[in-house]
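Below you'll find only one chain, the form predicted on its own, shown as structure tokens.
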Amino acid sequence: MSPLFRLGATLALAVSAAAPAFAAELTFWSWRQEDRAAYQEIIADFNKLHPDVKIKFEAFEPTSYNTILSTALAGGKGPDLIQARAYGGLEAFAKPGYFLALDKTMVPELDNFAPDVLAAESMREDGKVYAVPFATQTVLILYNKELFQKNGVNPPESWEDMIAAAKAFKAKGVMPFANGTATAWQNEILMGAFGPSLYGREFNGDLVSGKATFQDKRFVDALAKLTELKEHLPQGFTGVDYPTMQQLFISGRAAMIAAGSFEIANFRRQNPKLEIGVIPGPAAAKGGPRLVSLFVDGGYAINAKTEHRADAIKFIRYVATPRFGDLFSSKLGNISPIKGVKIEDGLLADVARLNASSSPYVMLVNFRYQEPTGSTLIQSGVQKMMAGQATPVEVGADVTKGIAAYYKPFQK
């Protein structure tokens, strides 16, 4: 062997020894394009524990994500690791067998979650868990602390207080609420922010059991209260879409916005000087209960046909640990449902405290499994009602009729 050949062979071995020896390269798909940088940090942390497992993060446009994912999985392909939806969104993929069922022998860290959180990532038919939950979201009122202080207005506790606060802001040339109704799903958010404090804690249980429907006076009265907000929304609010209402609040033109806690990180990124406060929807009467709407946002699943199951399980076990939860909350500004996670951010800690007095985000948690979904029905109904094209009674009746087509407790 020539000296030159021996030198080349030695260099090749040295380069090989220096490079990480990945046992596998797993693909991880998500709809969260804006979280790419954070996930790179999360994957780097995972690699401190498992340096031999390479993970390639790929993000897709949110509205097309489900179609792209289902097409790939139906073809027997797709990613190894999947950011999945919750509730009905999970079942759409778990029922055809696309996701690997998880249990505590495979993922002992499932003990780090409360049963109701795991239920959001389980299939009702078999009770099995198909994804590790990644966040809870809260639907509530965000308010601009600076505008409240500057204009001498206190955060409202009752509905009467809120209407008085809205009038005080209008008198001083400040837009009370940023919300518009042009983007359909924002109408469900509107009901989610105000509804629970108005119809009460027991209503959700009565719905699920069939003791009540959406024609119940509690729900219809809550809808009627929403119509009182019309004069306190932006001018031409029926044409104000989601991006516009976000900017109205971010820019400081509006004092409040009915929104999800998922907005906080984005709002702060766009306006670091914005001082945000959080409150539940106002009580129907002074001294009454005040509740927020709560839901599980989604989870991490494994492709049932992955060729790298053992390595995929390593990642799934990692994302079920407090170590991951701490990193997730700090990097993405969301509340992790993992037991033992420390919430260092003061505003997120405020949201977590409000979660102690919560009600399920009704349509997503209970009625987004079959068509027409409760979400579709309430979004359309509130949109029409706020435009003066339907009454609260008509909305309650239409929602009940649509869901009764498949929900047996409503068919009594």
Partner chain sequence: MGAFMPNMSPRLRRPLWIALLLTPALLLMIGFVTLPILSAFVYAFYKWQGLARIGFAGFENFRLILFQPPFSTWTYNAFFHNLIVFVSLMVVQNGTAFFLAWMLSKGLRLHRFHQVSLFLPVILSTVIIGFLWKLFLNPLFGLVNQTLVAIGLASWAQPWLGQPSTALASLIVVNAWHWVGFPTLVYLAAMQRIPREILESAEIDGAGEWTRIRRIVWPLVAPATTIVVILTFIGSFNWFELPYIMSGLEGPPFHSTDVLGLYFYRTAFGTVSAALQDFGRGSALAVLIFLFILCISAWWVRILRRREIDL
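Note that the coordinates shown come from a computational prediction; the quantities given were computed from them, not determined experimentally. Residue numbers count along the first chain shown, from 1.
The following text describes the form predicted together with the partner chain, which does not appear among the structures shown.
S.K.: So if I measure heavy atom distances to the partner chain in the predicted complex, which of the stretches 101-109, 221-229, 338-346, 174-182 falls within 4.5 Å?
M.R.: The contacting stretch here is 174-182.
S.K.: So, 121, 277 and 360: all three within 4.5 Å of the partner chain in the predicted complex by heavy atoms, or not?
M.R.: Checked in the predicted complex: no contact with the partner chain for any of the three.
S.K.: Quick one: is residue 384 in contact with the partner chain in the predicted complex, heavy atoms, 4.5 Å cut-off?
M.R.: Residue 384: contacts the partner chain in the predicted complex.
S.K.: Within 4.5 Å, heavy atoms only: does residue 240 come near the partner chain in the predicted complex?
M.R.: Yes, contact at 4.5 Å.
S.K.: Residue 62 versus the partner chain, in the predicted complex: is there a non-hydrogen atom within 4.5 Å?
M.R.: Result yes; residue 62 sits at the interface with the partner chain in the predicted complex.
S.K.: May I ask you to check whether residue 371 falls inside a 4.5 Å heavy atom distance of the partner chain in the predicted complex?
M.R.: Although the partner chain is absent here, residue 371 would touch it in the predicted complex, with heavy atoms inside 4.5 Å.
S.K.: Using heavy atoms only and a 4.5 Å cut-off, determine which of 27, 376, 366, 47 is in contact with the partner chain in the predicted complex.
M.R.: Of 27, 376, 366, 47, the residue with a heavy atom within 4.5 Å of the partner chain in the predicted complex is 376.
S.K.: Using heavy atoms only and a 4.5 Å cut-off, determine which of 152, 76, 127, 96 is in contact with the partner chain in the predicted complex.
M.R.: Residue within 4.5 Å of the partner: 96.
S.K.: Along 66-104, which positions have a non-hydrogen atom within 4.5 Å of the partner chain in the predicted complex?
M.R.: Going through 66-104 in order - heavy atoms within 4.5 Å of the partner chain in the predicted complex - the hits are 66, 67, 70, 71, 74, 85, 92, 95, 96, 98.
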